[in-house]
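Alright, here's a single protein chain in two forms, structure 1 and structure 2, each given by itself as structure tokens.
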Structure 1
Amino acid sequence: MNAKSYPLPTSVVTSLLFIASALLCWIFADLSIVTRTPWQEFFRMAAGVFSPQWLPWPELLSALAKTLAFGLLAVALSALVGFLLCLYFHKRGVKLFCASIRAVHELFWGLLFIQLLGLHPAAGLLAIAIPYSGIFAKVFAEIIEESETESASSLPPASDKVSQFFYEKWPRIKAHFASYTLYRLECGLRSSTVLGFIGLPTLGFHLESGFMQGNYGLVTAMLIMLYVLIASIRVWARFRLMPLYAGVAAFYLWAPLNIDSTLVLSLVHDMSPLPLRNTQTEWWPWFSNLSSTQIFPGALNTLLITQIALVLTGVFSLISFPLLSKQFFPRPTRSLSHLLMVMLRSTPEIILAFVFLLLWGPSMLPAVLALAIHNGAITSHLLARHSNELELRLDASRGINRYLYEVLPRIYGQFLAFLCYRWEVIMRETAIVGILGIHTLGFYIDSAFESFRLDVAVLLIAVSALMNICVDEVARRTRRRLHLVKQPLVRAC
């Protein structure tokens, strides 16, 4: 990795463009701070942190087992589907299909499937597995693409496609597939927890109950369980054991499902736009009213929050990654920082956002910071791993000089690549803070579900998917302009 492969001007220009767009958004965004008397609530939070309140064993174990079961089964399923899809990823239709299913946040898939399947476990499973299949397909396709450029075929020219795949490609990409699948497990466990917020009987279910009632002891206990679960993945997760784990999870979650066809029909009816069902409603007034009251403001707020949070994510990770890097700190400090980062990236954003909301009052600031810290902790972890691979000279400078002149220039291109990948993710996650009352598209989608206007919900979900696809495309072009297409893959949720 030498400096030549990333021409400095392009990366600087890109950074400046990011910063300029964030500053522009800053002007329009409401980031005011109102501080009054949050200390009583903080005192209760602190008291809760120091006295975790554990559920009785059967309930705790069941929540833990279900978090694991939903995460494992969904990841296994989507790895399988993603694998099949990635074989056809060169087809435009498949690519577009994958982009649109992964552009919808799992919370929205969850809300949709709850309407369709009620409280059946399949609702939670599909909510995670559908977007994850789209992500797996994309990443697997990238892995294959990279492996292709590495060597020419060593098989006889007449060998068929199946043999070509399994004798030539598979041995080379297997390890990458396996490691990505295991990496995705962390995301799966987090998603299965977050879906507890809308009713899946996982750790998130009790986490939300505790949080909503101000029972911070319960919140602490559930968060500790989640941290332990995520930190222990590398102990028990093995690619070969995945089918077994998934099988046991399937047995554990299995429940008979009766789909009532009249119900499905009435839901399809509800999801079709109002003017189609009701002849008294005209298309244009309906759509223009929705655009001016929900689509446009929602899309604007989503964009404002995304752009500011993206730049703050970058700032956070640039500041914090040395704490995790062996180029800067000895092992004890790194281990401690590692623990802190696991906590920051595993704590659901909505809880971070609520703490900031108490502290600074209602504006976009809590949402922006919650997103920046969560995503920054992930990027920081990835950057540190990347910096650990650098080989510095024995007499290389130390401290701030090492940071500025040795490490930063060497990893900056990779840093921008990571940010480009986070872009799409951050936009998808604005959905979650929308539920706090910050009027993103997620806020309006949640409102539409709450008032049973499924047609509006579906339309808004489509709009947010479209925005995600656009951002994904811009990010891809930016990476290409930075010559970052052939960089090592980003392993992150």
Structure 2
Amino acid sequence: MNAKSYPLPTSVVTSLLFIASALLCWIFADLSIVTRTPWQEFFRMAAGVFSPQWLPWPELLSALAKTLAFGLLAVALSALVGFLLCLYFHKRGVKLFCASIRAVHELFWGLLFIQLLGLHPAAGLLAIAIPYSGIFAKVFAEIIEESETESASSLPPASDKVSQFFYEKWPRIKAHFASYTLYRLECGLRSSTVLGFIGLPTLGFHLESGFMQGNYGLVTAMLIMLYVLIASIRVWARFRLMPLYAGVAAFYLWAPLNIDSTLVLSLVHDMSPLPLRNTQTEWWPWFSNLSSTQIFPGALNTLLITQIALVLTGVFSLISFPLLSKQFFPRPTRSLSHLLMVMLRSTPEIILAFVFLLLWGPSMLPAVLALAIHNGAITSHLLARHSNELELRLDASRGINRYLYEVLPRIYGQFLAFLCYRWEVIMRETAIVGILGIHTLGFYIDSAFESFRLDVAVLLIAVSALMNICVDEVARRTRRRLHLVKQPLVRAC
């Protein structure tokens, strides 16, 4: 009698496909270590960790205040715009618009606005607020959708939509809106820091200066300030105080803005494709050369790094989340582990990549590990919170058996959901590590800006955005196939 065969669960098939794609990408990726003496640089970094070098207090406080002001004002503005957009998110045009603006990383928005506005505070504010508005619109719309109930309306049938929203929906969703807005503030502070790498006077400006000069004591001091700023959010950040904080930030960052119409027209002209500006240039040779030398290699490298980093993110989070979970370890161990994970997820991935780049050289390895560690720390935190909500039997097994048979099977679906949410984020972050010299799309975008080939930069940014939109759609379909349509209320940025 033949044994009956059963199909593999969809979650297992999905996991195997992720792993297979990463192994295939691993074959073609350059993950070599090209430095001969990485330990020498490591010891220099370690010496800097134990001897922070602080800036003069006026300069330090100015960088800290600007980092905080950019993050607060951009998040407040994008939350407001995102809220207005989410009310119409069911319309295809609005949904496509939001997907397009959030698919472009804030660093690329910053490079575009610096061309137009210089180092004016508005450049940094718009660079963060535009993609965040698209993110807020999507998340707010999903929160509203998840809160829908079948209960009959308590308002008269003739009530307008505004009354129905604020009297019926708002009381159910305002806590989730507040929670996500404050969570997005943490992301905004990281984004504000990263914008310092392109010249804005935030903590990131001094971080990059410290790295370039080999002054790791300065790097350590700036990172300590960033960790303190993010770790203290729960103390000083209150949703009801956001309007006040935004007003103070706007007053602090205020500076006259004079936009030269001639410069704007010149930039628009330079952003149009070269064949439109020069009739002697033919379309196909121009695009074909650009595709073979920049678009295809940049997109391929971005995809290779993304898929490997995605699977390593999953591996890292599955290994590390028990350290944060009350199902496995006592409070002292969890507290120390939590501190470590806060540091890892608070450190922008571009900074981690910079550190690994100095140690191992300009291969894909620094980008892969930086993305895996940063995103793995975020996913690990979310998995631990999810596992803490489980109720186990009093006689539940201990140790590895509890992990394999009691906890992991019950949270694995949520783990895949978290991983799908990180997929698009990892691809966005993969593109920007190119400004460090790793040949992703970001490398060619940064090179195009440096040589003032704005038409090439805009085209490459569009390619990067299209890749992110496609990955987001694939992730959405994957969640639907796994019956994981409902999002977790705490999203990872």
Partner chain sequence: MFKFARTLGCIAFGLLFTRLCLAGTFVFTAIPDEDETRLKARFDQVATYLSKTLAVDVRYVPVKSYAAAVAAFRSDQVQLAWFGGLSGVQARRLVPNSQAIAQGEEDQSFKTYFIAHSSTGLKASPTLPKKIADLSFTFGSKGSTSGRLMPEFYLRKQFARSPEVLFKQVGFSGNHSRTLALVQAGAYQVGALNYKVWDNELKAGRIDSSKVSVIWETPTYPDYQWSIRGDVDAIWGEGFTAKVTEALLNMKDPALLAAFPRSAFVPASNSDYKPILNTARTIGIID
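Counting starts at 1 with the first residue of structure 1 and goes up one by one along its sequence. Note that the structure is predicted; figures quoted are calculated from it, not measured. Definition used throughout: the rigid core is the maximal C-alpha set that superposes within 1.5 Å between two forms.
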Worksheet, complete the sentence: The chain seen in the form predicted together with the partner chain is the one numbered 1
Discussion item. Once the core is aligned, does Ala462 move its Cα by at least 2 Å between structure 1 and structure 2?
Written reply: no
Discussion item. Once the core is superposed between structure 1 and structure 2, does Leu61 show a C-alpha displacement of at least 2 Å?
Written reply: no
Item to complete: Answer yes if the Cα of Ser51 shifts by 2 angstroms or more between structure 1 and structure 2 on a rigid-core superposition, and no otherwise.
Response: no
Practice prompt. Could the core-superposed CA displacement of Ser32 between structure 1 and structure 2 be given in angstrom, to one decimal?
Written response: 2.5
